[in-house]
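What follows is one chain in structure tokens, specifically the form predicted alone.
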């Protein structure tokens, strides 16, 4: 059971295995100490079960993509799961036909060797398996047709824009697209000569026989082409986007073990870079694309540049051209932490100017004895919209909550804006001072009005107290009865989910639960995970004011579409952005609640010193 034409396939498989093992071993050796510890502790744990299920659900069934668009999900699933089933069922078919053993490649070229083998077992289910294999091949071919359609007309797949690929990716894609039609033609020619195969193969075989093309020389050439396509694809796979097929499985497993991105690039970053299939889903939702029409700076191209070792110096420019709105990470079917990788590139490019020597003033800032109090951190942007912090002070007083307004007189940034821009050591110095103040104060909780600060305190600090955004805190006060409100207002209000609070922190319900007790909340077309960026995020220093305004206008029109009396948000920066150039009132959730407070005697509970 051997023919020369199987050699390209065998070479491709060996090359794929050797290069993949070498890459994965090198990347795992580059994990930092914490990542290596997590792998050692969890490698034999039950987390493997969850990872296996997620790998099956996302790697083969493409469930996240299916939820986004049924036809797009079908296309990906038919190619991935269909090919997987072809391999599995083909292997079972080969075992049943050759019970005494066979070379591994026989399952791939079964229809060629079957009529030529003297030792084949004529099992009762042979016809069933032949038809099943043809059904699976037809399933894969249907997905291939959709993939070709997507290339020339992507809108039926729910995509406005597809990804541009480099030359190596294009060659690999051409080889992949040839595999299944070549397999069909090769098997059909064998069927024309020997009469084997299922309904699809034998049907095409009868056509080939009718047109007198059932020649052994033609049959052999088709099998050679099929083997060459397989060999080419497998050989190129480790150097192209198709490496995601295997890498995604490892990434899911490591993520289940608790591994996450750090400020420095590690071997885990390499797994994330290689897990990107360059599907292009991150392009459509990006606010720099829609409405600005900039389609060459999204996460897919940043990952491509970093993975290719930034040979053309594009990574730094691509990293800076981003609003850090988390939309791309939300859309990514693999769940790659695009913001963290973008931040790594920025940090690497800012190292020469990342000096924290200008923070001597922090030594003069002393902690306040806030034992038993709630620490309130307004944040830099809240100081530029003081009506929000004033509203929060009224809420603290109305609820009888003892609090310490820690940044009222001497504001200290949380550090996240600097970290977003790549100034890691400066941000670290600010985090150090804020952590010292909070720990030494004796405060029992930290409440902040800024989603940027909330992300920083929950993800970059390691505080010994609970951290809450003010919408969460207000919802808790209302639920416990500590805060009393007037009768519900007749105001009709739309709510904007801030990027950092919604997609960045997963806080969607508390602001809505608060608003529904005060006003009539109206739904909008783009909300929750699909909320539109206000355009004035601190993450981008490249866009002009005119471009930021254009991004904001799209988001504002979405909020104005139901004709509300007021726009509500939960971010001081978003409030400032939407309030410019509109007659519709824009208020923070805290301001709306403060206006709806039941008039009661308020006890002074505030301290700053």
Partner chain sequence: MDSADLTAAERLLEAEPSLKACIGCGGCTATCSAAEFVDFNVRRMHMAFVKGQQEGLRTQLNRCMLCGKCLLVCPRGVHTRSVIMAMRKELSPEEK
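Residue numbers count along the first chain shown, from 1. Bear in mind that the values here come from a model prediction, so they are computed numbers and not experimental data.
Only in words, not in the display: the form predicted together with its partner chain, which the text now covers.
Residues placing heavy atoms within 4.5 Å of its partner chain in the model of the complex fall in a single listed stretch, namely 360-368, out of 221-229, 299-307, 360-368, 439-447. Comment: its partner chain is not present in this chain, but in the model of the complex one of 155, 151, 352, 122 has a heavy atom within 4.5 Å of it, namely 352. When you look in the model of the complex, the only residue of 505, 330, 277, 426 with a non-hydrogen atom within 4.5 Å of its partner chain is 426.
Proximity of residue 29 to its partner chain in the model of the complex: non-hydrogen atoms within 4.5 Å are absent; the residue sits far from the partner.
Contact between residue 409 and its partner chain in the model of the complex is found at the 4.5 Å heavy atom cutoff. Among heavy atoms of residue 417, some come within 4.5 Å of its partner chain in the model of the complex.
Its partner chain in the model of the complex is approached by residue 576, whose closest heavy atom lies within 4.5 angstroms of it.
With respect to its partner chain in the model of the complex, the three residues 430, 540 and 548 uniformly fall within 4.5 angstroms at the level of their nearest heavy atom. Residues 380, 381, 383, 384 of 379-399 are found to place at least one heavy atom within 4.5 Å of its partner chain in the model of the complex.
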